[in-house]
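Next up: a single chain in structure tokens, the form predicted on its own.
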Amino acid sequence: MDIQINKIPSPTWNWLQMNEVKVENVQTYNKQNGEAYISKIETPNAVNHTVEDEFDVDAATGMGDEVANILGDATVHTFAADRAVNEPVVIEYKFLQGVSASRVQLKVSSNAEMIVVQDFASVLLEQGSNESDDVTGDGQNDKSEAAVETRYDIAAGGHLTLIQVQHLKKDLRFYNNIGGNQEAEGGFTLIQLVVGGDESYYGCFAGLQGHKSTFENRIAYLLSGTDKLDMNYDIDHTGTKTVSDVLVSGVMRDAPKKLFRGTIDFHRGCAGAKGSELEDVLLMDEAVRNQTIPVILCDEEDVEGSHGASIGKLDEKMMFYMKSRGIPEEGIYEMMAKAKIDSIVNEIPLESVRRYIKDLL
């Protein structure tokens, strides 16, 4: 099966082949041929955890509806908070060979707060396993698939912090799809760290429907080898005086490929809304392929929108200064790469998570 995902809301020239991405030979999850494989769930007592068959949060997502073809009948884990909860919900994934899928719902009641950490990892089959390399069962030796879709609903005055950490091995195709809505003064903070990953697709739709609702997104990625990362972020301003702020910090070395689509969409009636988007990418080798599409759509006069991108190698003056202090060129790049990732990691509100990520790096 082939699917088309990560469609940008306002297409650019077709010849650029950046409006969407086509993924071929996609495998569909079902309870007979796959394994959700959530290895651990830690839920604070104040958070209600239930298991359901279907989503009941109705929301658009960044990747679009075709991702449902991958998720199949995966179980839906719902986490709900009706008051402020300081301890995080922790969900750890260990993706094996084959097909893995998981669906998650996050519900935050009025004036409540919840923190959720999703840790995406992959492990190889143990030596001596009698599993076949043929993961499809039809004689094809396709890549393993893993998909996670997370939907959220934030009531008036509520706040959700979602922290996602990806550290995946090769030969795994990963889909991370997010979508949700926010009522008046509802806040959503999304922090994402991508450390490698053979072939990864990320999508997020943030529906800022309520008056003064906010969306803060911090993304850091470290790509090497022949990693591929394809992203689509759609921030939908419909409520008055809504605010969005997207900051992307990336490091690319060897010969990876990355495409970032970021759209701030101001709809008629969202008077006083503000949106900003900035991507800062450090290119450490000549063979990297970096593509960025920052877009602002505007159907309302009384709004403020800005976007920008800083892409390239280190400034020559900075290189000269640091070399004059005895630091070799390779060391300078390593130092700056670490600083870019740390700038995002340091915004994570949990010390234990910050320490875990820095140890991982």
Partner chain sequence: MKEKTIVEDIDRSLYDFRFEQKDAYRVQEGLTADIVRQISQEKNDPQWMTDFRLKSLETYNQMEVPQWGPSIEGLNMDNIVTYVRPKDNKMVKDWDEVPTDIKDTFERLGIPQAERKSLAGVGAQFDSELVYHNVRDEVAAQGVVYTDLESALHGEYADMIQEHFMKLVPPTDHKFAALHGAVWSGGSFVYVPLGVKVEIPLQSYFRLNEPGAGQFEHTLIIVDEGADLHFIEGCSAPKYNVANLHAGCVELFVGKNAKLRYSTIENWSKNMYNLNTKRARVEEGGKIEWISGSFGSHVSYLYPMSILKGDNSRCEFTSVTFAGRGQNLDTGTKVVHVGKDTSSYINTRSISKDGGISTFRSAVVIGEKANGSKSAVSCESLMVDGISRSDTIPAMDIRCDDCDIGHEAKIGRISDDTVFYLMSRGMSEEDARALIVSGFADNVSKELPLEYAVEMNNLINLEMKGSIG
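Numbering follows the first chain given and starts at 1. Computed from a prediction, not measured in an experiment: that's the story for all the values here.
There is also a form predicted together with its partner chain; it is not shown, and the following applies to it.
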Contact flag, residue 12 vs its partner chain in the predicted complex, heavy atom cut 4.5 Å:
yes
4.5 Å heavy atom contact, residue 57 to its partner chain in the predicted complex
no
So, in the predicted complex, is residue 309 in contact with its partner chain at a 4.5 angstroms heavy atom limit?
yes
Just checking whether residue 226 would be counted as a contact of its partner chain in the predicted complex - the rule being heavy atoms within 4.5 angstroms.
no
Which of 76, 116, 288, 96 has a heavy atom within 4.5 Å of its partner chain in the predicted complex?
288
Between the options 42, 300, 334, 52, which residue brings a heavy atom to within 4.5 Å of its partner chain in the predicted complex?
300
Candidate stretches 22-30, 44-52, 57-65, 288-296 - the one whose heavy atoms come within 4.5 Å of its partner chain in the predicted complex
288-296
